[in-house]
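One chain comes next, on its own, written as structure tokens: the form predicted on its own.
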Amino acid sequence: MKIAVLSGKGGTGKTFITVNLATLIKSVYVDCDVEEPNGHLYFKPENIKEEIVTVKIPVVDNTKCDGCRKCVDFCKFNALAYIYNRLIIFEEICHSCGGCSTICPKEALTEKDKKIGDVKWGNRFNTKVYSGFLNIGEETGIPVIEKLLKKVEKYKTELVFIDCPPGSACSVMECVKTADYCILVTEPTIFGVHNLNMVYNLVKVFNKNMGVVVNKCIEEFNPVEKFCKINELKILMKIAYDEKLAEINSRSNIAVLESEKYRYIFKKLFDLVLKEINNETITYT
């Protein structure tokens, strides 16, 4: 079973929720926030293995190219230009679709591998930890996310927690479409509601069951409650703002291992998630 944890923006506590749930249960943690992965900072995994992630980009043989510009016209990302009788390829904005080499009538374009990132995996605290790392400046992290999700397909009988990228872009869609249930993490503010609305509508597109965790709550009016009531969206839990918790997180420690209070909170949260899914029971480690 795959549980995706997502939020409309960074800093809501998405990784905090995912890391603690994955630690509480003997499970698999997958950090798909490949532009800024930080789950490994909490787990500090051991026995690390890694694999590079590559994409195909075009290479031109200018002795074959006759300047027909069919590839230039085809490329919707403007990654090709024909200047001073030579075809120029802008690798940084190429989306690796392969269309230019396919359409070239002179077979002047072939492809080569370009490294865009890595996936790494290890284990700690009875948890298998998978993380993706996108190289700085790359156009998209989707190939890294695809590689990560492919790596964890083998865990068919285990719980897999997917720490999604923030927002509602294509990289988030890649994570959500594989999930069996989605946890939406937000903050009790107007801005939090705005970003919750984005991911709520995204998850609806994929027709996935979902629930909300409201993090950093204080004793004031909570606009998230109104939004959830209007949209018949279940609030699984409200986690209060806690300076002690902030201190635990600042040291990159895991709350369920440091505090009996938070171990109880996350046990309760996971029980609620299971109840929402199919009333399964689970053994805590």
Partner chain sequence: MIIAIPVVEKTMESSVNPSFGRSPYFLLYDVKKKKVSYLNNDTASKSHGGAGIRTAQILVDHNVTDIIAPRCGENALEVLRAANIRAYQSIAGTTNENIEAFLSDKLLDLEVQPSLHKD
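These numbers come from a predicted model, not from an experiment. Numbering follows the first chain given and starts at 1.
The discussion below concerns the form predicted in complex with its partner chain, not included here.
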- Here the chain appears without its partner; judged in the predicted complex, the stretch of 74-82, 155-163, 172-180, 116-124 with heavy atoms within 4.5 Å of its partner chain is 74-82
- Query: Of the residues 229, 69, 44, 244, which one places a heavy atom within 4.5 Å of its partner chain in the predicted complex?
  - Reply: 69
- Message: Even though the partner isn't displayed, in the predicted complex is residue 90 close enough to its partner chain, meaning a heavy atom within 4.5 Å?
- Response: yes
- Partner contact for residue 146 in the predicted complex: its partner chain, 4.5 angstroms, heavy atom: no
- Contact flag, residue 111 vs its partner chain in the predicted complex, heavy atom cut 4.5 Å: no
